[in-house]
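Quick heads-up: it's one chain on its own, the form predicted on its own, in structure tokens.
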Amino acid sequence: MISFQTKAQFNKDAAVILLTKSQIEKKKFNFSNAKIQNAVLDLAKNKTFCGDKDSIFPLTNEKKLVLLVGVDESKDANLTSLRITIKKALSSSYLKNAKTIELIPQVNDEPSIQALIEGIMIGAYKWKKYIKADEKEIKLKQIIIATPNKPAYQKTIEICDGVNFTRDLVNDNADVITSEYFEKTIKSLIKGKKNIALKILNTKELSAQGCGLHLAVNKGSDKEPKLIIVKYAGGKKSEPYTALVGKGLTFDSGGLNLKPTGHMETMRCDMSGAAAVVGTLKNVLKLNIKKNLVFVCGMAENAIGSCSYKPGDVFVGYAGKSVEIGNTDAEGRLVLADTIAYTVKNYKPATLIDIATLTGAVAVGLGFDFSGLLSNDQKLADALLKSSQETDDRIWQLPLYVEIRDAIKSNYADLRNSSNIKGGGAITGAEFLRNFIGDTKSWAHLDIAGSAFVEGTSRMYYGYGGTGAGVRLLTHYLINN
């Protein structure tokens, strides 16, 4: 989809030229094509095109389209705005029939080109498996960026592929993307790869291991629960392992604490954490990242049936701790509790990062553009925050503190899966998980319940559906730490 050339040639179906207002005002642009150079100069002189943010002006050059696009350079301008601009430009009706597009940036620094690649690949993504035809679809076969190729750009392309791979998993039907589908997908990713070990626990194995919390959530479903573990020995034998653990609720009805209309319709996205782990696995394998890693997906379905687990029930999990069910819609933390405890005991990772669409409360506090971060290790938190800033896969740190532990106490069990206080739901959810990390001194929890899915038409440079939240963040963290 994306390729590179050293300079503009203006020989494709269309050319998209990115210009800022100051470049237009000062006439600081130089195109290899004299006709286009003179045309843009004339437009600048008579102020027909001023380079205002997201403004678009079409020209023709030997029956080929040239699209001038204004790029934000205000004090608030950043690489996010550049990603948004290129998405809007490529969505223009002018380019509807263009099969090859030449993209001509006036700034060629590495971060800007990487942002353009993300704007193209993430912005142009559309889930269309069940759509016969859509006139508004961005029909792009090839985009050629007029800048010399670099290894960093190819890496960005690969990472974006991983993001969109995750989005495909999130966007399909819940009865398609089942735990069995996840198993097949992971097997296809690791087939023929070296230094890989796969372990899968189904109902029988989960029961034998005492994963009572995981099994409780799945009691109302006819789909089999699974704990899928990929051990990747990419680093030296002496190096410690990092574990990535994802919540994989292939659908969440809320259980007997049924979700109301307006809250259940998009709950196929409740496996976004596990999908992000799989997308990151894809990137690790493609980029041959030299680290020792464990990828873990805790898969279940929170359905309703005569066998559904009930509020007030008490179950004992893998760690031996009993949990009172205060709310069957606080199911993800139960699956994660057993998944995390099993990972810690059997793989002893030095660092563990879990990622989950855990609480609606995180969206109340942070909105939909940021994921929540909670950690017992500030060094790990700082590294993740830095990766967030570098990738635009946004996170914001929330506190964990001693007093919040009382919020998940139970009169009938060691813990309660829902808080007994009002407010702070994202924090109490993380506090529940903290009880299952054992002696792990470097743990982080990423709550992507707000950021993982777009329910409206679009948000930033994402269209409707899954965003792939966490994939760029985790991939960058693994490469750089």
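Just so it is clear, the structure is predicted and the values come from calculations on it, not from any experiment. The numbering used is simple: start at 1 and walk along the sequence shown.
One more form of this protein, predicted in complex with a small molecule, exists but is not displayed; see below.
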With the partner left out here, check for me: in the model of the complex, does some heavy atom of I157 sit within 4.5 Å of the small molecule? no
Quick check on S418: any heavy atom within 4.5 Å of the small molecule in the model of the complex? yes
Non-hydrogen atom contact M267 with the small molecule in the model of the complex at 4.5 angstroms: yes
Taking heavy atoms only, is E118 within 4.5 angstroms of the small molecule in the model of the complex? no
Answer key, the small molecule contact in the model of the complex at 4.5 Å (heavy atoms) among Q397, N327, T203, S91: the residue is N327
Pick from V66, L446, A449, V40: which residue has any heavy atom within 4.5 angstroms of the small molecule in the model of the complex? A449
Would you mind picking out the stretch of 179-187, 357-365, 285-293, 222-230 that comes within 4.5 angstroms of the small molecule in the model of the complex, counting non-hydrogen atoms? 357-365
